[in-house]
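Shown next as structure tokens: one chain only, the form predicted on its own.
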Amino acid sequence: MPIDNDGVMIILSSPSGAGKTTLVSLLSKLDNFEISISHTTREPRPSEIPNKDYYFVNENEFKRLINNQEFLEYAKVFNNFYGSTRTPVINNLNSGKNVLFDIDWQGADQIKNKKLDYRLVTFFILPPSKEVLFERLSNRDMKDKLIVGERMKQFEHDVLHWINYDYVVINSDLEKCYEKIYSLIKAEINNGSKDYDKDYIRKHVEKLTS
């Protein structure tokens, strides 16, 4: 059973380009919220800072961590490995800090299946439309049409996992999306009432996948 003073695990997942990393960064500015920094084998993007955004490691080091069972979760995404190591997460939770995870559905499933003795709240972030997603991906540091195309194709697969999350939030306006997530986290932590319409989300997913 979770202890009242323990922190809460909060997972944000989304298809590539839907905004989860920006939202995690905003939430981490709140008191008592810490980001679980992932290890990855991919190259840093120009704006990323090693050991702050990610721990950038080579594949041999990543596989060593897998063999030592140091990951709470890990996955291979677009030919690169990503994973969250156990010790810093558990230490933060035990000291009462809420831990934010910026991970995909594969990682979220692994953490859920671990059935850890901490409360877990999961969010799936969706774009307002496929057109907006395409525009966001095209404006990122991936001008290569092949990469954008690959991510759009992956979107069709990723979006189907929305059903496995506690909450799905549409990121049409970053500030409103952030406020919605924050209010749901507060309601979960304080056992308050939650403003959430699953039928509306289901219809939105049908539009995205039609």
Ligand code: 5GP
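As the structure is a computational prediction, the values presented were derived from the model and not from experiment. The first residue of the shown sequence is 1; numbering continues from there.
Below: the form predicted in complex with this ligand, not depicted.
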The single option of Tyr167, Tyr54, Phe33, Tyr178 touching this ligand in the predicted complex, heavy atom within 4.5 Å: Tyr54
Partner-proximal stretch of 114 to 122, 86 to 94, 128 to 136, 72 to 80 relative to this ligand in the predicted complex, 4.5 angstroms, heavy atom: 72 to 80
Contact label in the predicted complex: Asn171 to this ligand, heavy atom within 4.5 Å: no
Partner contact for His161 in the predicted complex: this ligand, 4.5 angstroms, heavy atom: no
Arg45, heavy atom within 4.5 angstroms of this ligand in the predicted complex: yes
Sequence-ordered residues of 85 to 103 touching this ligand in the predicted complex, heavy atom within 4.5 Å: Asp102, Ile103
